[in-house]
Each structure stands twice: as structure tokens, then as C-alpha cells.
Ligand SMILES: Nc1ncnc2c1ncn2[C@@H]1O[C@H](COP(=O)(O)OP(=O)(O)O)[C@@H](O)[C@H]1O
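To begin, one chain is listed below as C-alpha cells, in the form predicted on its own.
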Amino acid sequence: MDEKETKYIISLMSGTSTDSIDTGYCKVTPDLRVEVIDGINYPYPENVKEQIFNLYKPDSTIQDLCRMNFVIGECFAAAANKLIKKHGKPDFISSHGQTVYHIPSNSTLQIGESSVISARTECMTISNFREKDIAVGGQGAPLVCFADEKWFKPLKKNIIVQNIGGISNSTVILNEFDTFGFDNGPGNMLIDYCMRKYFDKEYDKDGLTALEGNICDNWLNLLLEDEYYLIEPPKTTGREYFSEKYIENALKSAPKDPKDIISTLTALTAKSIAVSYERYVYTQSAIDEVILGGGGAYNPTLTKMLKYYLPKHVELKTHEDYGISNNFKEAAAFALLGYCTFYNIPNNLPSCTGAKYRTVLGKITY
């Protein structure tokens, strides 16, 4: 496989928020550029989404997990087939899967059975990217840093590519140092939980609820004392740490007005990101700009708070400013990771994950 060719890849990604399966029909060229030709946000059926959230609860069973691995595989296959019907079969499918448990430096589990995807689509499927990184001493995340470096290093700027999904994470790309990355803390996860709890809504659309509330500084400062924020990178986190138990315990000292809770949790996301820069980035280099992506980029209240907490000279941009789809950026990243797996190109960044060495991530299902 020394002679690399352009490949058409359907990429499948579902993040911690579990809001949809981001599905991209991507063109990846030998110089590792990615074009998202088409994309859909394929929603999980409500009953499936509920069952996924049930997997995070202590009373879930091995039987539940076993069954959902195949159910989610069917959902991923259905999402891929939507684009196959429109564009024809790709060269292969690259699937991140649905993370249901992640223990940094120990083990990880993404479900959405690749054999089901391959059988239903009749396409070779590349999946299970995180495990190999953990096997060689890494944390299995963040993996999108690999794509961020390929796309943004040529800018020759000191930048942070900031994703705000269920968890917020940074890729730090500096002119004079190796790229590194880490999870900042909860992104939309705590906000979404409390929107469901108090307002029976899936998320805070346009940040309007946070805008109507007031930030409770005492509660915000208390939340920022959590030990996760003091761990040196590389580090990752997830729903296992910022769990239902975590937030319910935190709500014991929350303000009474639910709108103030949403406003303060939104400020927590913004300020925890800004504080992580102060602790782990500015000590190495000044930053020219932050490129924002993920669902949080669509929340004007959150982005305004983040701008407020950043130094005044730092520009806040989005992926769209660089011609990259904000909605399908992570799908594009996993298309690139899958391309590298196919051609046996190392596709992890040890400076981001903590792995002992570069390696090829991903498993192939024919």
C-alpha cells in the first residue's frame, strides 16, 4: 500500500452528549486533506437514546451492554446507508462508535458493533481507535488532535483548537513546541443534564436560559475547586467522572433559581477552559487565537462568556472561518484517522494522549 490514493469514506461519530450520529461523506486525499462532501446529523430514536443513558447508571447490566452494542451498530449502519443511498458506496466506513465508559490510562469501551455496520452496508469498516493508544501507555484520547495538527499547523500561528461537546477539549498548536492536548472538563454535559431536569429540554438552545439567569460566583468558585482541574496534561475525562452522582451532589449547594443554575454552569464551562489555558498553555507560549468548534460554538451566551474570560488580545474564531464544517469537523477527523489506518500510517499523537510512541490506531472489519 505504498502508493496512496484518494479515498471516499463515510465517517460515523457520536460524542458524549449522545445527541445524534454525525455522519459525513468525506473525500480524503494522499496529502491528508479532508473534504466533507455531504453530512447528516442522524438522530438516535428516543427509546435508543434513553437506553444509552441507562447504560451509565449503576444498575445497568452486562446483558444491557451486550444488546446495545448491536442496537447502536444498527443505528450507525442506518445513518451510513442514508448517505450510501444518495452518493453510492464509499471505499470504506470509519466509525468512532459510542463511548459508554472510559478509564484514562486503563481501559475504554466504544460500542456500535462494526460487524453489524459492515454487514448492513456491505462496506469494510474501520473502528475501535482508542484501544491501541491505551495499550501503548496512552489515555486513548484526545484523538482529534492528530487532525487538528495536520490542518492548522501550516498556519504558523500559536493557536488553540477548542472543542466544546459534552466534554470540552483543547488542541494546543505552537510554532516552537510539539502539539499537545487535553480535556478541560465538562462542556455541555452538566448544562444539558440540568436543562432536562428543570426545563424538560434537551439543551439550552441559543443560550437563552443562561442569558436570563445570573451567575452565582460562590457556587462557580466552589465547582472550580474540583481536583480534575488541577491535574497536569495529558488528561482526559468523561461521563464516568462528571456523572449524575457528581452533578446531583453539586446541586446541593446550587442557587435556588434554575435559570441561575444554567447560567452558572455555562460560566463553569467557559471559565474552566480559560483557567486551563492559564495553567497549562500560557506558561509555555502566548496564544494568537482560539478556534472554536462543537455544539458549544452554537451557544452565543457561552461564547460571549469565554471571550470575557480570555485575554483581550486573543481572537475567538470558529472552524467555519477556515472553511471547515463546525458541524462535521469531528466526522472529518475520524475519516482522516480511518484513512491512516487503511494505509498503516501512525495516527496518534503521544504528546496529546501520553502514549509511549506513535502507533496505528483502529481495527478493520471486512
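Predicted, not measured: the structure shown is a model, and the values here were computed from it. Residues carry their position along the shown sequence, with the first being 1.
The same protein has a further form, the form predicted in complex with the named molecule, not shown here; the description that follows concerns it.
Enquirer: Here the chain is shown alone; which of S263, N188, T171, T236 has a heavy atom within 4.5 Å of the named molecule in the predicted bound form?
Expert: The option sitting close enough to the partner is N188.
Enquirer: To verify the annotation, which of these, G97, G207, G213, P142, has a non-hydrogen atom within 4.5 Å of the named molecule in the predicted bound form?
Expert: Comparing distances to the named molecule in the predicted bound form, the residue within 4.5 Å is G207.
Enquirer: At 4.5 Å between heavy atoms, is Y298 in contact with the named molecule in the predicted bound form?
Expert: Flag for Y298 set to yes.
Enquirer: Is Y203 close to the named molecule in the predicted bound form, meaning a heavy atom pair under 4.5 Å apart or at it?
Expert: Yes - in the predicted bound form, heavy atoms of Y203 and the named molecule come within 4.5 Å of each other.
Enquirer: Verify the contact flag for D192: yes if a non-hydrogen atom of it lies within 4.5 Å of a non-hydrogen atom of the named molecule in the predicted bound form, no if not.
Expert: D192: contacts the named molecule in the predicted bound form.
Enquirer: Heavy atoms within 4.5 Å of the named molecule in the predicted bound form: does I164 have any?
Expert: I164 belongs to the contact set for the named molecule.
Enquirer: Partner absent here, but in the predicted bound form, which of 228 to 236, 241 to 249, 275 to 283, 288 to 296 has residues with a heavy atom within 4.5 Å of the named molecule?
Expert: Selected stretch: 288 to 296.
Enquirer: Note that the named molecule is not shown here; using its position in the predicted bound form, name the residues of 322 to 347 with a heavy atom within 4.5 Å of it, in sequence order.
Expert: Heavy-atom contacts within 4.5 Å come from E330 alone.
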